[in-house]
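One chain is shown next in structure tokens, namely the form predicted alone.
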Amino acid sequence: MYGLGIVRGLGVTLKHFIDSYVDDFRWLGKRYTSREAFNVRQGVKGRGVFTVQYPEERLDIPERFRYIPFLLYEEGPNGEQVDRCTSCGICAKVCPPQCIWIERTNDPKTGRPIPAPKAFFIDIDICMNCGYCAEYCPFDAIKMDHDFEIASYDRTTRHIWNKDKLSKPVSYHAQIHPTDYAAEEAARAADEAKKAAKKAGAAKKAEESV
């Protein structure tokens, strides 16, 4: 009432303005370059202006942050690339903006489909980063990336990402999604142990019947 709220708001702004200069002296001019100062400023003990001086300063990206999808591949014993994707097409079906195109591979002799994509494209201008493709993929072949600095001057060709540009090793997924990777590997190990136990049980029953 009578403009007191505006005065209080201006007082808060003035306090942050002054605290910014106090913090500059406190960190001896390294307020925007020291990682320690940056962590303090972004924490509960921060004072002054909280603006991040991007790109010199960067906030830590949360593990569940998602941007453009990427394809996972396993690294074979001889360094060969083994794709997890089987070109089943589920990701393309569930994609809301329909930005995924897949070309399946066929055996040249028999003409039958091979569980590997011949081509895989994503239009990153259309992609809405919803993560449905990663969520519905039955083979854990698609994950969401953290790289958001993908601007370019040529969107007609550079914004249609092909299989080579989308493919990244499992080690990269483990690096940016350590919690999810550990949970997936634990579930996969438990599933393999269950299958092995079931197979051993079936073999034992076969021996007993003989």
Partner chain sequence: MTELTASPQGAATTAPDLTLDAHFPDAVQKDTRPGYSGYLVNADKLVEVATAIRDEMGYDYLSSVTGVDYMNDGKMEVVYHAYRTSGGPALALKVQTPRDNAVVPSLVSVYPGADFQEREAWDLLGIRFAGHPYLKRILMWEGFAGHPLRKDWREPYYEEDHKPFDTRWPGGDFHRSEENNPFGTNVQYPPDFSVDGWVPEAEDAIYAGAGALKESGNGHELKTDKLVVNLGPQHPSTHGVFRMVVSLNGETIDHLEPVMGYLHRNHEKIGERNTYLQNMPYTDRLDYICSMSNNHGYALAVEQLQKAKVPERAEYIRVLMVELTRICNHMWAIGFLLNDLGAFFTPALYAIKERELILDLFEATAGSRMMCNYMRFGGVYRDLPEKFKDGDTIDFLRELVNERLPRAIDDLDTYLTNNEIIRSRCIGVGVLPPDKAIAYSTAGPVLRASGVPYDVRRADPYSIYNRFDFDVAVRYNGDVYDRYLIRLDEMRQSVRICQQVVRDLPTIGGDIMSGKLQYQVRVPASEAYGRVENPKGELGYYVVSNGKANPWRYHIRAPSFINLTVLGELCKGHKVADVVGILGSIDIVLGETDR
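Numbering follows the first chain given and starts at 1. In this text, all values refer to a predicted model and were calculated from it rather than measured experimentally. Under this definition, the rigid core comprises the largest set of C-alpha atoms superposing within 1.5 Å between the forms.
Keep in mind the form predicted together with its partner chain is missing from the figure; the text below concerns it.
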property: Touches its partner chain in the predicted bound form: Gly46 (any heavy atom, 4.5 Å); result: yes
property: Contact label in the predicted bound form: Asp83 to its partner chain, heavy atom within 4.5 Å; result: no
property: Partner proximity in the predicted bound form: Gly9 to its partner chain, non-hydrogen atom cutoff 4.5 Å; result: yes
property: Contact test in the predicted bound form: Ser152 vs its partner chain, heavy atoms, 4.5 Å; result: no
property: Non-hydrogen atom within 4.5 angstroms of its partner chain in the predicted bound form for each of Pro115, Asn162 and Lys195; result: no
property: In the predicted bound form, residues of 163-194 near its partner chain [heavy atom within 4.5 Å]; result: Asp180
property: Threshold 2 Å Cα movement between this form and the one not shown at Arg58, rigid core reference; result: no
property: Pro178 C-alpha moves between this form and the one not shown by 2 Å or more, core aligned; result: no
property: Threshold 2 Å Cα movement between this form and the one not shown for Gly48, core superposed; result: yes
